[in-house]
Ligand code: BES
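The data below hold one chain only, encoded as structure tokens and taken in the form predicted alone.
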């Protein structure tokens, strides 16, 4: 669906459907000339997420969909996103080809102001209309083809442009996530990254092949990939701002395009969901997709180590020792704790070659974080309070919630007790598997402020909330990363 914006001048062009937002207890304000039956206006109370579809009795709208926002004082970006998503879903369900989302001035001042409201409307409508059918031989065509917002003011228009970019970045990430393991290999993921660079003059891309990884000494990444016939890739994207850069930020995303667990084989039940083990990389590529449409005053690097984790005669065995790019030796106790291995080489590469001011990595790293935080909140580990607070604020703004988690030195000590410099997991008596994963990664970051987001619970299987969640990938992280940059 294509989503655009038109400045409202008091008139409405002819359209099949107008979506109108209204707060609880307030009479809906309609575009000029549009009238509704008195009974419809009386029945509609404006409760949050409640819909009322009715035929217009006058004006250029054939039908009007009233969408409730709830109490005026409680309206925020999340409520607006969900309301817009419901509007888009309903428009598609009643088979209209185009729809107008009308926001009067009194509503547009809510949820942080006109720009924030416009951003939330565009995000909700575009993301709410999403459906993945990339595996279908004959996908059904969507009915709703075009939609636009209608509201006065340049701030609202700016917000819509930003919201569309963020939403399309999210959908790009979800498309990558939802592809099956044979449809999204490391080679194909690298091709998607190169495609981003071709479409934007401010984005460049290089891909390091296995021979290059060997020269760099990336024994951990190569060790994980050894059991697969698909060659590993190290993807390096760079975004350059229009003006002078105010700093260098790096995003690192885990790109396990399929994870069978290696020799420490996973149970067969649900293994098909291990296509989502590349969700960290999807978030990074989704963020770059959005950056191509926006301008932030930072040089941004996207680093993606990508491989498969399978089992054959060449695969890493439990107890094997590999040497990282940093020179640190690692005993691989559990080959299913592979994400931290490929990230370790990627993080050291980022520190030594990119030398950023800040690193944020995203990974479906542990099942333990799901046990602790469920499917609605990502675990956040940070080396500085400033970075922790900035990411938490960005998460709240975009509706992708995080929860600060602790760094505990005892977990690092436990990892050092084996025959190599490190083990890739702690002993069972330590518990805290997500904390242990972050502790391992911390040993490969030197210099910049660093945050680790464990998104194993939020990348898929979230509760459906109109614009995302439910079955399939959520694209979590893509909007959060860009929100963080824009907040800076």
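Positions refer to the first chain, counted from 1. Only the largest set of C-alpha atoms that superpose within 1.5 Å between the two forms is called the rigid core. Just so we're clear, the structure is a prediction, and the values are computed from it rather than from any experiment.
Keep in mind the form predicted in complex with this ligand is missing from the figure; the text below concerns it.
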Legend entry - Option touching this ligand, based on a heavy atom within 4.5 Å in the model of the complex, out of 361, 308, 277, 345: 277
Legend entry - Listed residue that, although this ligand is not shown, lies within 4.5 Å of it in the model of the complex (heavy atoms), from 69, 453, 61, 456: 456
Legend entry - Interface segment, criterion being heavy atoms within 4.5 Å of this ligand in the model of the complex, picked from 219-227, 335-343, 143-151, 235-243: 335-343
Inset, instruction - Evaluate residue 400 for contact with this ligand in the model of the complex, applying a 4.5 angstroms cut-off between non-hydrogen atoms, and reply yes or no. - result: no
Inset, instruction - Classify residue 365 as contacting or not contacting this ligand in the model of the complex by the rule of any non-hydrogen atom within 4.5 angstroms, answering yes or no. - result: yes
Inset, instruction - Please run the contact check for residue 266 against this ligand in the model of the complex: heavy atoms, 4.5 angstroms, yes or no? - result: yes
Inset, instruction - Answer with yes or no whether residue 449 is in contact with this ligand in the model of the complex, where contact means some heavy atom within 4.5 Å. - result: no
Legend entry - Whether 115, 479 and 485 all lie within 4.5 angstroms of this ligand in the model of the complex by heavy atom: no
Inset, instruction - Would you give me the residues of 165-180 that have any heavy atom within 4.5 Å of this ligand in the model of the complex, in order from first to last? - result: none
Inset, instruction - For residue 434, decide whether the Cα shift between the shown form and the other one is 2 Å or greater, given a superposition on the rigid core. - result: no
Inset, instruction - Using a superposition on the rigid core, decide whether the Cα position of residue 443 changes by 2 angstroms or more between the shown form and the other one. - result: no
